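Presented below, as structure tokens, is a lone chain in the form predicted alone.
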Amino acid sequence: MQYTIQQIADALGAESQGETGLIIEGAAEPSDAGPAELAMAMSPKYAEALSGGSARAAVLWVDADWKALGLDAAIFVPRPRMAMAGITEMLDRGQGVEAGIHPSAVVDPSAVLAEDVAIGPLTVIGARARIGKGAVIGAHCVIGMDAVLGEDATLREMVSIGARAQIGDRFIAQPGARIGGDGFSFVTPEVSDVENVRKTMGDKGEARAQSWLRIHSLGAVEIGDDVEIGSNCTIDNGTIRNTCIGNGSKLDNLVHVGHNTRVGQDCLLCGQTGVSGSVEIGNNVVLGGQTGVVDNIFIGDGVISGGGTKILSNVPAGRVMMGYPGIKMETHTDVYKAQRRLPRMARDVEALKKAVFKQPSSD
């Protein structure tokens, strides 16, 4: 995969200078870049490391003095992370899944595969499944019966998609993602201790032994366009209605989405976030790493939670949350500051007590 400096600059809509016909075969950090690699030196801090490598060309900040940095060519970008998105897309070599269907793959005769589909070794595609054109499915994947996978999807190795899942275009799933497992839903013949505790928010009273009966998942998982699912994510089927992930949402590694939950558009669910069942999440919500969300609540549009937040009640649109239990970030910050002052306050109170009790009697 080779591009000239000019081709890369044109794709980014960026300015370039110098030997713009220079051929680039990859990207590297400034100190590691070789002559055929584009050094990612997008700020003066990173450009200092250029002398440690042998790059001839680099991506630089606007108005950088590329000649003084000893370069033969440069691309100038006003927003580095946006440039990173374009450059990495151009230079991504993929996972090497060859076009066509690998001989070891098992494809049900009733499945419908569009043109230009690539199916890796030992993949299994179930009855009546439909795979859109340009999809790339890695080794050891499983796509269940009646599932639909849209155009230009990419499934890394060992992804499983359960029966009846409906997935849009340009879907990306990282290794080990599990979509469409049954929801964690059980019931006892009589009212359980868990239900009593939830109702009373207190002691459960006398313990009663009961067995749990399974509630089956009749719903499936519905995923929109341009969604990405990280490694070892789990998204459960709905009980009756589908569990839904909206267009453009991205789930980091080890995220769990419970049954019946609906995630809106363009949300970010960061690593190890756990969302319980029947949660309604609005659009453009960001849940930081290890956020926990209790079941049967709503989270409004544009909400942001800091890492480790535990959301135990409804959150209105636009709020920034932090802590356990999750409260407004500014309130949590005040509480944290006060908590840090507690040892000093305790010492001050102890000193005041000693001073008061040592005062001579007024009699």
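So that there is no doubt, residue numbering starts at 1 and follows the sequence shown. Everything numeric here is computed off the predicted structure, so don't read it as measured data. Definition used throughout: the rigid core is the maximal C-alpha set that superposes within 1.5 Å between two forms.
A second form of this protein, the form predicted in complex with a further copy of the same chain, is not displayed here; the remarks below concern that form.
K.L.:
Choose one stretch from 129-137, 111-119, 68-76, 288-296: the one whose residues place a heavy atom within 4.5 angstroms of a further copy of the same chain in the predicted complex.
P.N.:
This holds for exactly one stretch, 288-296.
K.L.:
I need to confirm a contact call. Of Val263, Val255, Ala153, Ile167, which residue comes within 4.5 Å of a further copy of the same chain in the predicted complex, counting heavy atoms only?
P.N.:
Filtering the options by heavy-atom distance leaves Val255.
K.L.:
Might Ala99 be said to contact a further copy of the same chain in the predicted complex, defining contact as any heavy atom within 4.5 Å?
P.N.:
Outside the cut-off, so no.
K.L.:
Is Gly323 close enough to a further copy of the same chain in the predicted complex to count, meaning some heavy atom within 4.5 Å?
P.N.:
Although a further copy of the same chain is absent here, Gly323 would touch it in the predicted complex, with heavy atoms inside 4.5 Å.
K.L.:
In the predicted complex, does Leu312 have a heavy atom within 4.5 Å of a further copy of the same chain?
P.N.:
The answer is yes: Leu312 has a heavy atom within 4.5 Å of a further copy of the same chain.
K.L.:
Does Pro44 make contact with a further copy of the same chain in the predicted complex, using a 4.5 Å heavy atom cut-off?
P.N.:
Pro44: no, not in contact with a further copy of the same chain in the predicted complex.
K.L.:
Tell me whether Ala11, Val62 and Leu149, taken together, all sit within 4.5 Å of a further copy of the same chain in the predicted complex, counting heavy atoms only.
P.N.:
None of them does, since no heavy atom lies within 4.5 Å of the partner.
K.L.:
For the stretch 40-75, I need every residue with any heavy atom inside 4.5 Å of a further copy of the same chain in the predicted complex, listed N to C.
P.N.:
Heavy-atom contacts to a further copy of the same chain in the predicted complex: only Met40.
K.L.:
Superposing on the rigid core, I want to see if Asp348 changes position between this form and the one not shown - specifically a Cα shift of 2 Å or more.
P.N.:
True for Asp348: a C-alpha shift of 2 Å or more.
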